[in-house]
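First, one chain by itself in structure tokens, the form predicted alone.
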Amino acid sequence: MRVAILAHEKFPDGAKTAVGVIRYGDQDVVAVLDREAAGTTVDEHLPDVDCDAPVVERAADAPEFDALLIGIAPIGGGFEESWRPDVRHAIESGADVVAGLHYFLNDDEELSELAAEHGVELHDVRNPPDDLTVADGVARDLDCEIVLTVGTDCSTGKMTTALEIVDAAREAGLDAGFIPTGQTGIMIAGWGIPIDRTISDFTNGAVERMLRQKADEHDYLVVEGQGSLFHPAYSAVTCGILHGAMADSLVLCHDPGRETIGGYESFPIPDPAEAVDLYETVGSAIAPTRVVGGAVNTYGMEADAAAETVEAYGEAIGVPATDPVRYGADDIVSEL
């Protein structure tokens, strides 16, 4: 599928969904929409990916595409009206629109009528199944090893780490699968349940359902974590995934450049060693679990500084650590 990705004023650092799809998805990315970066190419911003698609100002400037992906997930998941002309153009051109927002495009009267008129689909990725139930508490009984990525904050690389672990495990000859719990992971994998949109009572059950669905297909299931136990807004979804997954192993993801929770500067990020203790304690309240590895985001660091940061992080949490993008996830897979 040929896709264009909307990432206005956010590409690449503020467009996690766009970068995730470009790096790990199997779609053919033909353009990125960003008014500020127009005139460049994707690989100028992401030199480690094999994608030279143009960055253009608007959808009308992009090569022909089959779907427009909203590649931004702002706090609160709202729809910015400045995106409407691009979405409208995509629909009128016969392209589907895929969005991972809390604002559902299908509930937008203008866009839904326009989509019906042109025979295209609006895919609201963050719309969970309507038949979810509470958990049965059986994830630990499944015949597979369950790994969960957790973090000291949001946007610390939990999805990236999960995908890199799956890739490294497969390279090592292990049968591993990915369990997507957020809009970007769902866009990449083509399936999943958006855990941050589920009814609270059903959050654990939603995670358990996905694990039960895939347990017979893989020996290892790596669950994409969300949020952080330390986050004043998103801690609930983190705890729901932690208890619903009943993970055998945890991988703690961390951004060493932060001292406070992103967007909540009065809340300090805890020491990584304290984070290990809390995740193991809270997780083990349901099923015994332990942190087996750490993933640290060294994006933008020089090579020596990155190596020193990773080494220090591993020493701080007492388990092997890596930057999975820069160095791979082999050390974590060895622990598994």
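Residues carry their position along the shown sequence, with the first being 1. On a predicted model such as this, the values are computed, not experimentally measured, just so you know.
Only in words, not in the display: the form predicted in complex with a further copy of the same chain, which the text now covers.
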Which residue, 112, 213, 235, 260, has a heavy atom that falls within 4.5 Å of a further copy of the same chain in the predicted complex? 235
Just to be sure I understand the contacts: of 174, 142, 116, 199, which is the one whose heavy atoms reach within 4.5 angstroms of a further copy of the same chain in the predicted complex? 199
Is it true that 77, 178 and 186, all three, sit within 4.5 Å of a further copy of the same chain in the predicted complex, judged by heavy atoms? no
Residue 299: touches a further copy of the same chain in the predicted complex, heavy atom cutoff 4.5 angstroms: no
Is there a heavy atom of residue 123 lying 4.5 Å or less from a heavy atom of a further copy of the same chain in the predicted complex? no
Even though a further copy of the same chain is not shown here, does residue 101 get within 4.5 Å of it in the predicted complex, heavy atoms only? no
Residue contact check: residue 231 to a further copy of the same chain in the predicted complex, 4.5 Å heavy atom: yes
Would you point out which of 42-50, 22-30, 291-299, 275-283 contains residues with a non-hydrogen atom within 4.5 Å of a further copy of the same chain in the predicted complex? 275-283
Since the partner is left out here, which residues of 136-151 would have a heavy atom within 4.5 Å of a further copy of the same chain in the predicted complex? 136, 137, 140
